[in-house]
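Single chain ahead, by itself, as structure tokens, in the form predicted on its own.
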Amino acid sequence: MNNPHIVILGAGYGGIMTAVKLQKSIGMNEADITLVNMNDYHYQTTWLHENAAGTLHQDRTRISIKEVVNLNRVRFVQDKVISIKPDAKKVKLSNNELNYDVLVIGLGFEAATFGIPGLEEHAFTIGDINSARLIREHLEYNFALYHNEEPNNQARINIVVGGGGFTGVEFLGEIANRVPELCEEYDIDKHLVRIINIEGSPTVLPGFDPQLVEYAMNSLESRGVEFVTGAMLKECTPDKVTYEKDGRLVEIPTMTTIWAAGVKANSIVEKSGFSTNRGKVEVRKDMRTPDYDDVFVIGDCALIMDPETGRPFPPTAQIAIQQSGTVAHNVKAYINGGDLEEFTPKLLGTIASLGHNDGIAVLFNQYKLFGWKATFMKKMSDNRYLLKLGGPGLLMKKGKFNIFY
């Protein structure tokens, strides 16, 4: 009799951690495990804003799958997922088709542009290693070209960031630190450079502690960031954006628009016929889909409601990593006929970096930190994940040890 076949789609935080946990907990004769990912590496999504700004090289962010996954225990297939056929228990890939007995879906997110004209065509998003690298190279190209045109084109050194959530604010912190370096390298007066954040809510980081939000805005404004809140982006073209505030349309000349105001679950999930809520699968308490007992969903594709607020938990790396423990346990229990656990998020805190040397944090929903203390906690959190994923060797290779600056 053949072993049950466990297929994990995606090597993001949830997928890779599930694979690492299963390779340790499931015996060779207990099940076969296959991990499918488009790239031969895992990357830390929460570091991409640093890669995009050019303050951290992308090689630090990506981790070779063979470094953390035992390829003698887990079969790795580098391919793109095209569709899932849950009734037939099949996954269609670009170059192959897989049958499964148990499926774990961790296909991540994609940008949501809300139908804003020109955004999909002309704005950049911070979605993966390639998109982050493209932003970095685009910024350097435009700064380099500034003094090679007559007259100088201000649009080349105006940087517009759409969205004042975590991704947007963390990118603002990095680019505010990077701009002085770019200006020195390309002989540009840094006072000519504009960094503009456009946010639809009355404040950036909506829902975060107001005192810490004020600290974050003051920190970023002191480094040249301009905030336009209560404004809606209306159009993006190759050389300008248009936003509306107080009933008035305003144009900003720019060749660099970074869209960080919305993500949605990978559209493959909805297209494959699973029951969804706003594109995500509202999973049962054991992380399975409502319609299929043999399909688990993790990370950005899973919707988990917070009973206290009546709203979904945010799809953070912290929650995805916690989910992997429950999913790995439940996959093993499912194939062995055991009892499945319920997943309960344990929110340890929320940390936002404002560049490598500044940040804000709320720990255990009561302790507020800012400045170097928040930076220290952010880097310790990053290092803790590396230790969980690949042990001391990976931590020493990829860890952040410049913890006070």
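No experiment lies behind these values; they were computed from the predicted model shown. Note that residue numbering follows the sequence shown and begins at 1.
Just so you know, the form predicted together with another copy of the chain exists too; it's not on screen, but the next bit is about it.
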Only one of Leu71, Val250, Ala144, Met305 comes within 4.5 Å of another copy of the chain in the model of the complex by heavy atoms, so just point that one out.
Ala144
Heavy atom within 4.5 Å of another copy of the chain in the model of the complex: which of Arg133, Lys90, Lys332, Lys234?
Arg133
With the partner absent here, would His57, His138 and Asn148 each sit within 4.5 Å of another copy of the chain in the model of the complex, counting heavy atoms only?
yes
Go through 167-175, 124-132, 276-284, 108-116 and give me the stretch that gets within 4.5 Å of another copy of the chain in the model of the complex, heavy atoms only.
124-132
Answer yes if any heavy atom of Tyr186 is within 4.5 Å of a heavy atom of another copy of the chain in the model of the complex; otherwise answer no.
yes
Non-hydrogen atom contact Lys379 with another copy of the chain in the model of the complex at 4.5 angstroms
no
Quick check on Lys373: any heavy atom within 4.5 Å of another copy of the chain in the model of the complex?
no
At the 4.5 Å heavy atom threshold, is His356 in contact with another copy of the chain in the model of the complex?
no
